[in-house]
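As structure tokens, the next two blocks hold two forms of the same chain, structure 1 and structure 2.
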Structure 1
């Protein structure tokens, strides 16, 4: 065999750099993929997992290129993976070792992802002076605490509802994954008049056709650790959440939870993709064919990265919320208009928009500065 193993991942956008990191003293084994930096230094999370793969990090880095371009941020996309159990006692040592290893790779700005959090980002910044998603006490905007992605989903819902003839006031809502994305999205949509009828987490799902009191649900989740602690709703099988009647469905937990096996039974009018890749390619196509509007993940759930970008550029919480609302409203409209006018899937329109922005930025750059 000739050539490099990573050649199958290369195309006209990137990746620009693929770096494997190994420190025999700390035990660090990690990979950094800087996909594209035409619009600015790449921004993307540091994932820590015992089963992370090279391919996963390549795909996630590209997803960040598209997400950052789709959100209109002055950042390219990158992603890092640390091969380790996120519950290890050696976590701080590994994270600090990772930070020192990427010190000179200034075209990558690390953020939190699965297995890392704002404390990890504070350790990284302590080592090398750059990271986003920092704790408030060191000048960060705690994006999960303020529900950044939830705010973005609501902005997306406001615009998308016009395209599918849905009135948010009185619309019924089902949320898979009552976590950092699903929980604020549910609360904020209820404040806009929606009625939460189903919610789930890793421990189970609940359903109440007449509505769930979202504040009581938050309390129950806080006290018992699960939405199933809310007693004024019926416990249902988690898988049924997708097919119970509702107007708006927000998958906000697992990948591929909308798939060939349940897509024909989905009854929602609008799907807001809170999680990353919550639908298989085939299922997303079927939703479109069935006339169900599904807003792609990297447009709908960009609130977190917009917040991180505002933090990086010195903005405060209010500026972040304003930026999230403005950008997501604008991008949702642009994508859905293009999808409608050209008769293509919203995802195809979104990828085209993001690619156009990256390619335009690339014309302004000298290769390998």
Structure 2
């Protein structure tokens, strides 16, 4: 990245630091961005994928700043990316090497993300004494196990459905990324009467207009490693999931999966952004122009970080679920009311809300004056 390219990511909020980590002994290559710590130490996940870029980590760290501020948490935003295949046999070695490399960076609290899980966080805590999203056996609230982000998406859907005239009972649902986020979200929405019609993962996608048995789909994925193991639905190209008819679309995997190349073909009424930065700026604007309600990522998918914060501050699982429901319902309503009343995109309303909270925190810190 050239100096000019770096400059375009700098603004009045951050980032505070960008660090490249390399350990030739373990093979570790990683990127860490601490964006803003005015409200407290940064908190954000450790992503593991072979194609992570600095720009991706920058954008994700800023999303965490906004997410933590939007949720009213005493934390700033940060993010880390380890450049490696998450299925490598060297995973524990790389995770532990990463942990040792960030030992002295106390303003960053790591949590699980795409390619990492509660076990990875236990390895990190074993090395440096700090991590969130830990296994229950070591006193954590395993946010993936309890489906924390999924619970938040359902709370968001309950409020957002009022703003787009959608009845969740009978609403058809498509989930891109049937994993730690999409899987519990699908199950919980089906419990509220929604009908799952499409699902995908990294190995393929399926579609059944008359509905997919979500519990049977979970069993098939456990047995075969993919949603394509569910035989009572038609296999389809993963990218076609965005063009299939549905009432609710949940992108819950990689960034920018909704973009200018497919946004015109999206046929949903409501988009719940389960992944971080799943839509490009232009695509979000076009969804709004087409009358499709898209709830921004850092409002809709904040359940995981809310759970992590409750864990970090000594709370239990019941307290975490209560906080998730209360905060996400309140913030979704506040953002969508502002969007409607001011005639702006939901993201513009959400960013304004979060920025006000970050800027207020910055006025109280001598280092930001």
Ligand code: NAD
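C-alpha atoms forming the largest set that superposes within 1.5 Å between two forms make up the rigid core. Numbering follows the first chain given and starts at 1. As the structure is a prediction and not an experimental result, all values here were calculated from the model.
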*So which is the form predicted in complex with the named molecule here, 1 or 2?*
1
*On a core-based superposition, does residue 101 travel 2 Å or more at its Cα between structures 1 and 2?*
yes
*When you overlay the rigid core, is the Cα of residue 252 off by 2 Å or more between structures 1 and 2?*
no
*Would you say residue 332 moves its Cα by 2 Å or more between structures 1 and 2, aligning on the core?*
no
*On a rigid core superposition, how far has the CA of residue 24 moved between structures 1 and 2, in Å, if you could check?*
8.4
_If I align on the rigid core, how far apart are the two C-alpha positions of residue 78 between structures 1 and 2? Answer in Å._
2.8
